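Next up: just one chain, as structure tokens, the form predicted alone.
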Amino acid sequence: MTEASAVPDPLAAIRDEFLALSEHERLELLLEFANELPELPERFRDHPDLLERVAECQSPVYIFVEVEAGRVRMHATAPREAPTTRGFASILVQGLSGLAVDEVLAVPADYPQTIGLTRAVSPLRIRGMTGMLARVKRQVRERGAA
């Protein structure tokens, strides 16, 4: 089980917001997150080759992580036709961006299973979010060491 102390405050707040709702309301909140996924910065729109495809997701999801002065900034893109996937990407973008490298690396791998959506969405979708988190952490390790 996830150690609560290892979950950074922004992700803990998102988790708590989901867990305070009914299952139906959680899906509505996930759709709100999908609508809040920030657009990619222009530098990535002009160079999609910089983005990494998240193969664990059925939908075409691409991510890129920047590390500057020990802080993480996550970028992601997912099609509007895939609101669940967009929602998961948005949760990670909003929950991880601005955190210190060590905070991101300490996020438990099972965080996606803790936000109360395992009964509302398919296990394949949860695995997709888990894959996104794993790829983010790998990119953070690579860029944080550079």
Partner chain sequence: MTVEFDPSPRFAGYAHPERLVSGEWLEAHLGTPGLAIVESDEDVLLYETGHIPGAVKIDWHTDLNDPVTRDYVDGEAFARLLGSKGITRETTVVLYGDKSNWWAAYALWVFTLFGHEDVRLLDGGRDKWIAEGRPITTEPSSPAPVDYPVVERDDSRVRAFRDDVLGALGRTPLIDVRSPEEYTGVRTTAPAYPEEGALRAGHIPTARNVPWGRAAAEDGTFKPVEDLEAIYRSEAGLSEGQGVIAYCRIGERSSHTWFVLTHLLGFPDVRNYDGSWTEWGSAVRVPIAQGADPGDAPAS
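Positions refer to the first chain, counted from 1. Note that the structure is a prediction, hence the values are computed from the model and not measured.
Omitted from view is the form predicted together with the partner chain, to which the following refers.
Taking the partner from the other structure, the partner chain in the predicted bound form has a heavy atom within 4.5 Å of a heavy atom of Leu31.
Put simply, Ala13 is far from the partner chain in the predicted bound form: not one heavy atom of it is within 4.5 Å. Among residues of the shown chain, Glu81 is one whose heavy atoms approach the partner chain to within 4.5 Å in the predicted bound form. The partner chain in the predicted bound form is approached by Ser59, whose closest heavy atom lies within 4.5 angstroms of it.
With the partner chain left out of view, the stretch that reaches within 4.5 Å of it through heavy atoms in the predicted bound form is, among 100 to 108, 117 to 125, 41 to 49, 64 to 72, 117 to 125.
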